[in-house]
Ligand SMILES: Cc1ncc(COP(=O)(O)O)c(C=O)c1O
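Listed next as structure tokens is one chain, alone, in the form predicted on its own.
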């Protein structure tokens, strides 16, 4: 990997807990030999390239956060890095797959967890009203969205919330409308509920996606539910009020319930605007919807398993709640509450950094990697790459066809491209075919990492394609 852990190992007692730091060893070698010590103290230590020094940074309010520092997650059972290395070996230098972030967590989260852990009892958690109020305050403060705290329903993730709504409004065998390419996790939700995807492929013009309205309405007529992704993962669209109003009118006319997944809403690039579906002026349209949100993307808290949904329609809310069981953990609630009540300064410093990563990637690709196509996303921290020229160059379609003859499951060309990038550029990307109709010949790249690693990944890709 070429990355080093640069802190000196010091084992000491602090409040009955053992903590460790280590210096002067190769990271891969350290993780092989350190065993559980790595998972206790050293895993998650912020690291840099070999010329830099590792340190644990715990800023207080008013500090500047260093998002350029490389933060080492290898060896922590991290899907984004460890699964990529498991699948393709130590050749992987940059994991840019699953949508979570590589940055050290907002310090307020760690402080809140440490404080809660100091009380060493883990009985049943009473969830005070302050938890729902914090969600209400966050949405009002940042987006002018008014939410009745009595309508906020907690769940263990956006997936369980959407599944509860699908069970309420889409009986097995019925169709669910999706504008594609879209988040691949929706397809697993449909599989779980025995419902059927009704893909409405978006139009692509000069790298920007838009709705094919005739196709959207045709498919809405035979669907029970529409899952809106706002902002759209993986294409990065921030939907305008006009676009969402038209979606809402069509769905209302054809009795299609709108489930608006807005988990990426806090990541909007410069010059763009996120509009909550629940903020549309037409109350009938809003009353025909439920909104699903979480802090898991915003503060990289996916493993803490907390999300929420709400609606202005008591009937939709009650019917969905019948299928909702949220087994929430104390630490998950503590972490999420700390994030949205104390983490705003951290986020406000992160957003321009992510925006600059998008700018850097778009500029670098246009200048140095003509075989890739990328237009800067309007929202999310994800880059949607056009790789059709790469697929042609490496004969991905022919290789996929040949390998499919001896494989139990068909091998898509995008898997061949993914493997090629892993082997030749040492970069892990997500294959585009999993994002539904229109995802072929694309790869998804996660830019929520140090710009040092973004540059390394692009340098590697440029060199491999050269």
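Note that the coordinates shown come from a computational prediction; the quantities given were computed from them, not determined experimentally. Numbering follows the first chain given and starts at 1.
The same protein has a further form, the form predicted in complex with the named molecule, not shown here; the description that follows concerns it.
Participant: Looking at 297, 219, 337, 167, which has any heavy atom no more than 4.5 Å from the named molecule in the model of the complex?
Facilitator: It is 297.
Participant: Consider the chain as shown here, without its partner, and state which of 109, 256, 92, 229 has a heavy atom within 4.5 Å of the named molecule in the model of the complex.
Facilitator: Going through each option in turn, the one that passes is 229.
Participant: Test of understanding: in the model of the complex, would residue 80 fall inside 4.5 Å of the named molecule by heavy atoms?
Facilitator: Result no; residue 80 lies far from the named molecule in the model of the complex.
Participant: At 4.5 Å between heavy atoms, is residue 200 in contact with the named molecule in the model of the complex?
Facilitator: Residue 200 lies outside the contact set for the named molecule.
Participant: If you check in the model of the complex, is residue 116 within 4.5 Å of the named molecule, heavy atoms only?
Facilitator: Close contact is absent here: in the model of the complex, residue 116 is far from the named molecule, nothing within 4.5 Å, heavy atoms only.
Participant: How about residue 267 - does it come within 4.5 Å of the named molecule in the model of the complex, if we only consider non-hydrogen atoms?
Facilitator: Result no; residue 267 lies far from the named molecule in the model of the complex.
Participant: If contact means a heavy atom within 4.5 Å, which one of 245-253, 136-144, 362-370, 158-166 is the stretch that engages the named molecule in the model of the complex?
Facilitator: Comparing against the named molecule in the model of the complex, the contact stretch is 158-166.
Participant: For the stretch 252-287, which residues lie within 4.5 Å of the named molecule in the model of the complex by non-hydrogen atom distance?
Facilitator: Residues within 4.5 Å: 261, 263, 264.
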